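One chain comes next, on its own, written as structure tokens: the form predicted on its own.
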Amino acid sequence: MANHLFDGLFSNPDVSKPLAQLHDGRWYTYQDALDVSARFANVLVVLGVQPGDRVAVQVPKSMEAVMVYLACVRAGAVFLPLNTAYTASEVDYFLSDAVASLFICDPVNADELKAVAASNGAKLETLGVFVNEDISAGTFADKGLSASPSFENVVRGADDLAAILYTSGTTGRSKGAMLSHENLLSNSKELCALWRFTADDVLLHALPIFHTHGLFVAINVNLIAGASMIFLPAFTNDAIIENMPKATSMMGVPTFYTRLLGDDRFTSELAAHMRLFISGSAPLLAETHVEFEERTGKRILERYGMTETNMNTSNPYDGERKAGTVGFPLPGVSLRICDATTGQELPNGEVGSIEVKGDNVFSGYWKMPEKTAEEFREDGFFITGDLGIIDEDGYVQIVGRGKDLIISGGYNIYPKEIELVLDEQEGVLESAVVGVPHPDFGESVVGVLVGQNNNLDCDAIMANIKDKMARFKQPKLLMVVDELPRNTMGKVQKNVLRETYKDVFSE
């Protein structure tokens, strides 16, 4: 009998082939992955984990952590990765909400989190990075050393739950998106084919693995293709530049590419052999897209996804990768632009709510049936909360989040439109536009700028943009900061900016 996701990921691997080169010089083969994930699956069973139980994991990035993910799939458990930046208070919420039966944490945090696990009835184990058999990599890894490298996978079907990923929780408490075996497998298969991944690829992996991008896109695609990867603990220019000559492809967030472009060592010669650079998780500035091509002769492939849906769209592998867009809907994904209030589909060129439907789309939010019902149309389309347009060539462009929409004096204002103009101004490295309370207009526009130096002339910028957009769209105030607040995936935290500047028009 089949385990839908695991059998799909390991459909026909060359077990002797390298799966991952680690930063400490170790190599993991596909056989190692089969053996270690089996050992860890056996440990889960010994610890009392039953099919359908939630296993929460908050550990540093490592192949050991990847093996826990695969072990959960094999044992029929539900994998619940947690951001390593979450505090004990936040972890307490996730363990309680998910009713986790097992919590695996970093050994260095075990004392702090012991009480949190106990108060939620979760068994506590620790997992670090394995060095050798004489040095403990945590209690869970230690148990794995003596476990059997054979495991009979638990039967799981396409609709069985494989993972719960909690949303970032920018408004209210985080919501647990329930992802099935088919959600993850179907999406990874489509991406593997669309992006032409084969067993000859070597993926440069510097993303975190508690997130859809680094785990369910990068690793799942790699496994399906039977490819190899250079598995780095985190992104640094030094590590990327050192390892790029051995790679063929790279997945990253926009920050990766802007940092590389700021390094003189990143040259066209260094990138010449690379087959593919992919960007996602946050919008890639058109200027970055253009500068990257000018520097390397390569065009970054930008795509669009989210926690609840995995990947929805991608610029084409062959054909124009249009800067400022996220390409076309993936095969098997239906995407439409609708009026957010009426649900009526809008013609191309009009801004509206992005809605998607397909095997990639989650089944709903954990223990939130009312919230789930609110987010789906009667015909099964999921309301993403993103605003976008489809241009005359069929490319999808993200305008912003629905909650980022600014309504000033009764006019709808889309921040992305203003940000594009601000980013063009001399000396501006990047910008973020938010709406904050205003006594006369309800909301008014504030532009937050990062300069290439400390000499930004806000008055000159305001003068330059006044003829480029309607008066009601123009920022009432420009602020200059050293850097924009971002989450771990590089997305600008506009909720932080709104809170920071909420009183600027009332003072």
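In this text, residue numbers run from 1 along the sequence as written. Take the two forms, find the largest set of C-alpha atoms that superpose within 1.5 Å, and that set is the rigid core. Note that the coordinates shown come from a computational prediction; the quantities given were computed from them, not determined experimentally.
A second form of this protein, the form predicted in complex with a small molecule, is not displayed here; the remarks below concern that form.
A single residue from the set G280, G435, G76, G358 has any heavy atom within 4.5 angstroms of the small molecule in the predicted complex; that residue is G280. Scanning A286, L405, L346, L276 against the small molecule in the predicted complex with a 4.5 Å heavy atom cut-off leaves one residue, L405. Comparing 263-271, 301-309, 121-129, 147-155 against the small molecule in the predicted complex, the single stretch with non-hydrogen atoms within 4.5 angstroms of it is 301-309. No member of the trio V49, R54 and A163 reaches the small molecule in the predicted complex with any non-hydrogen atom inside 4.5 Å. Shown alone here, R401 lies within 4.5 Å of the small molecule in the predicted complex, counting heavy atoms only. By the criterion of a heavy atom within 4.5 Å, D386 is counted among the residues contacting the small molecule in the predicted complex. Within this chain, V326 lines the site of the small molecule in the predicted complex, having a heavy atom no more than 4.5 Å away. By the criterion of a heavy atom within 4.5 Å, N412 is counted among the residues contacting the small molecule in the predicted complex. Comparing the forms between this form and the one not shown, the C-alpha position of K367 differs by less than 2 angstroms, with the core used for superposition.
The rigid-core alignment places the CA of K403 2 Å or more apart between this form and the one not shown.
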